[in-house]
Structure formats: structure tokens, C-alpha cells
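Have a look below at one chain only, the form predicted alone, in C-alpha cells format.
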């Protein structure tokens, strides 16, 4: 008997050489091996008569070999073995390539079961290189067969055999993080049943039972981990700010805040007055007014003699925040400073000195705020804009410049609430689900190539009225295999051929000076900006009234929604045109959603359903573990049940110190150690 940590090279049939190859699949020990779940299954349970075979279908056929296998060499290195097999309804012609041993394994007059894809025609069916065994053996056919991820040197048979040996070696030591009470309450299978039937299911029903157990367990561990982190974080003390109302701040604003904005401000201010360190996410759609929420809390801290840091992912966005926050806060006596890499050495030195002496109440900047040369006199609040653009270590480095400062992070990428719990499970969440008055809906159209000339004319008309236009492309260079609009070539064509009389600029992530180009566009120095998604988080251009997205099928819904949010930011009627590209049914369904709603949260739910979670955040860039069997897209009901179960367990045992919860704690530690290592 082996335990979960046993190196797989010691498992029967693996050995040192094969273990090295399997390491490329992330399989190092017995636990990894039994958790190398199949990526799919082949149904080898259906037995067909020859007359019932359908071309293209993969099925089993029970047939008798009618002749001795015939072998011949077509050319050097390519041998062919042919044989005919029959049942009472017809004849099946079978071909094997480079398998000369077949002639010794198939005997005339004996019955076999062949599994493979049917070729030929209905009257003359064929199979090429089928799997086969004697009728009644039921080890390769008559089963639901697992399909595994493979790597060079690991065949399907070798992988299946290794897993079988691994399951046998495990005996009763299967990984099991579910407390008995949770398993019984949710009617889940035991660990041994689940692992055996996820790999080699006795039936489709038993496969479903196994999958449900393992999916629940994986999401339960993740939910428990996030809850545990949140409880641990709650123990951190933070600066106590005596809570007061924001009447003075609201009265000084040139606009009325929405109820959702005021609610988010109140929730954050309550955190800051609680005595515990705030760790709150403000999530809102494009244009919902998150910056005003951040400004209110910076004012709140400044009125109590403390400093705030406001970090933006790009210099252009930092400069925009500097202008916006300066206009809001300086009339209230709050001193605002800007620190970016663009400043000259002398200016940078002066700003840093002012921050260190406490002469700046709100320091706005990029990662320059993180550098060793930047010191704060009394940093009590860190506001991070576009939170997913910063790594955990960057945010931690800024927080380390104060004594446990409160943290407010903002995201303009609407995330489904269920997914937000996992990604931001250690944070409290405020959702701004109202748009400020006057924020208009952007009319959206999905069109084919036949409308291209009309769209160009519409763009020219808008520019003639004094507006500006974005054209967004998915590629920087022309693709050799796909018709993707490449930003440089496309910009050149628009300038020279389509709009020679207009001012066309180009911006993409790989070019130097892209921020200067976008600033010039914002200043009205260009009529048209051709760009990649570098503009997704960029400067505010109220005069831009048309967004044209080329090859829209290459973008996720949430990304398209972010791009659409670049227009409609001023008083002018605005439009978004999506060129359909490939135009398959899946693409068309996604683009229909874009036409029907401007609600970012509704769009994010659809994106999750249609594409899975990858379009929001890759797990690796967030330090989250990679799910091996569960899916945020299809297992939402299980996730909710797993979250509730995890909260119940942690309510009774907040530190998971009970013996019954030791396996769960160990699994959490292992899961997140893997995420950090990767």
C-alpha cells in the first residue's frame, strides 16, 4: 500500500523514465496521478451490426474474422495489413498501418469486438487501426473508456495502465478533504468510489455520481480557503477613523452621486471606523463613478490628518485621475500630488519630498509609488484602480509603506457575483449597479463585410460634425493563417486610401510613446485612433462617438463591453459597430447579447456561460489554484452549495484545528502552495 505522496516512479509499470515524461503533465506523485482526470470519454458500450454502421460514427462492432490477415509493404517504412470481418448483416473491411503483429493476433473464424471510426460508405463500411479484443473480454471494448491528456512518450494505454496501478496502490488512502458530515448532508459518494468511477466508470450514472463528488470537493476546498483567508484578514487591526457623514464632500461636488455610490462610500467608511483593516473591492460598470467613491474616501482620510495613495496601472490613467481628483478635492483643502515615471528627475524628487513631509494628502501615481525612494509620512489608505492589472506583490509593496493601511481596490470589469466570490473571496465587495444620470446608452450594431463602405461613410460624417472615432484591431501584425486586421497595416490603409483628408493615429502595446498618442487623441489632435485593446483602460475622451471593432469574434463579451465603454462618455450620441468576422453560431449568439444590453453584469454572466472564466482573469495571474475538474461556467449550483458547506464548517471551527478538519486544512495549504509555485 502506498500513500498520496509516493513518487510515481515506484508505481508498477511506470519506472524512472516514464515518470520523467509524466512530470511534464504535472504528475509527480500518487495524488497527482489519480487526479489526472480524463478530459473526455469514448462510449465503447454501443455494439452495432455491420448494416447499422454510419460513416463518421465511432462504435463497436462484434464480427468474425473471415480470412487470414493480408500483409504488404506499400513503400519503405509503410506496411499495411488488411482483413475482412463479418456478421449476419454484412462485411467490414479493416486496415492496419505499420502493425505487422496484427497477423498473429487475428485468427480466421474467431469472433472479436472492433472499436473505431467508421469510414467507407454504407454499402462498403471500413475501419482503420481499430482497437480490438476477443468477444467477451470487455477490457478494451464494452466500456466507457477514459481519454487523457498525453505527452511525448506516454501512450493512451500507458496512461490508463498507470492510473489503474495508482488506484490499486492507493487502497483506502484516497485524498479526502470532505468532513463526513458534509459528505452525508449533501449525499456525496465516498472517495474510493469517486476516484475509481471518474477514471473507469461502470456506467454513465456512476460517472455522474463520481463527478459530482469530486467537483463539490474541489469547490468546497477553494471556498473554505477563501473564507479562511477572510477570517484571518479580519484579525488585522487597522487605523480607526471616527465615522462622520459626508455632507461637506457631497455639497462641494458639481454633480449628484447615485444611491449606489453613496452606499459604497458608507460601507467603506464603516470599515475604516471598525478598528479592523479594510480590504474592500468596489466593482462597477464602465462609467458608474468608482473614481468619485475613491475620492470621497481620500477626503475622509485627509480630514483626519492621514495620507492616501491612489495607484493607477498606466501613466495616462494616473494623469487623468490627477486632474479629476485635483478638481474635486483641492477646493476642499485636500492637497493632491502626481508621481509617475514621466516626471523629470527634479520634479520627481520634489514630489517625493512633499509626500515624505506630509505636504501631499493624496499621492496619485503608477508603480513609481512602489519604489524605495517613495516614503509616506502617514499612509492610512491605499486605493488601487483596475485592480486586476496589478499583481498581489505590487499591492502588498504599496501597503507596506504604511502601518496596516486600509485598502480599497476598484475594478471596471463586471464579474459574475459567483465568480467574484472566488477571485476576491478574501475581500468585502461593494457593487455600484447604477449609472449616473445622463449617462447614455451606446447604440450597438453587429454587421458583415457588405456594410463596410457604409460604416466608413458614417465615420466620415461624424468626424465632419466634430466627433472622433476609434477603430480596434485584434492583431499588431498580419496573420498568415487568418484574416485579422493588423493595426499598423490597417492604420496605413485608412490614412492613405479611406480617409486621406483626416488625421489618423495608431497605438498598440508594443510601441513606445503610445501614451503620448492617446493623450494627443484626447486633446483632439487626431480624428481617428486605430488601436489594439491597449485603449481598453485608457484616457477619457468625451468627444469620441464611434467605436468600430474589427474581427469582433476574436474578443470576449466582457472585453467588447469594455471597448464599447470608451465611447458615450460625453454629451454626444454614440455608437459601437462590431464587424462579425468568422460569424459562426457561437459568435453570433455572443454579439446578439452585445446588441441587446449595455448592462455589464448581465454581459459578464453571459460571457461566463458561453466562454468560461478565462476572459475575466486567468487563475495564474491571480495566484488562484487551477481547477482540475470543476468549472465556474457549468458548476454554479454546486459552487453555491459548497460555499454554504464551507461557511458552516468554518463557523464551528474557524481555524480548522479539529482533527476531523485536518485533511481539509492540509488540502488548502497544498492547493495554494501549488498556485504559488506555478
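Numbering follows the first chain given and starts at 1. Just so you know, these numbers come straight off a predicted model, no measurement behind them.
The same protein also has a form predicted in complex with a small molecule, omitted here; what follows describes it.
>> Just to be sure I understand the contacts: of 446, 431, 286, 182, which is the one whose heavy atoms reach within 4.5 angstroms of the small molecule in the predicted complex?
In response: None of the others qualify; the residue that does is 286.
> Can you pick the one in 156, 341, 524, 436 that has a heavy atom within 4.5 Å of the small molecule in the predicted complex?
Replying inline: After the contact test, the surviving option is 436.
>> Taking any heavy atom pair closer than or equal to 4.5 Å as contact, tell me whether residue 256 reaches the small molecule in the predicted complex.
In response: Residue 256: contacts the small molecule in the predicted complex.
> Does residue 279 make contact with the small molecule in the predicted complex, using a 4.5 Å heavy atom cut-off?
Replying inline: Outside the cut-off, so no.
>> My question is simply whether residue 350 lines the interface with the small molecule in the predicted complex - judged by any non-hydrogen atom within 4.5 Å.
In response: Looking in the predicted complex, residue contacts with the small molecule do not include residue 350, since no heavy atom lies within 4.5 Å.
> With the cut-off set at 4.5 Å between non-hydrogen atoms, does residue 199 touch the small molecule in the predicted complex?
Replying inline: No.
> Which of these stretches, 453 to 461, 257 to 265, 134 to 142, 221 to 229, has heavy atoms within 4.5 Å of the small molecule in the predicted complex?
Replying inline: Stretch 257 to 265 is the one.
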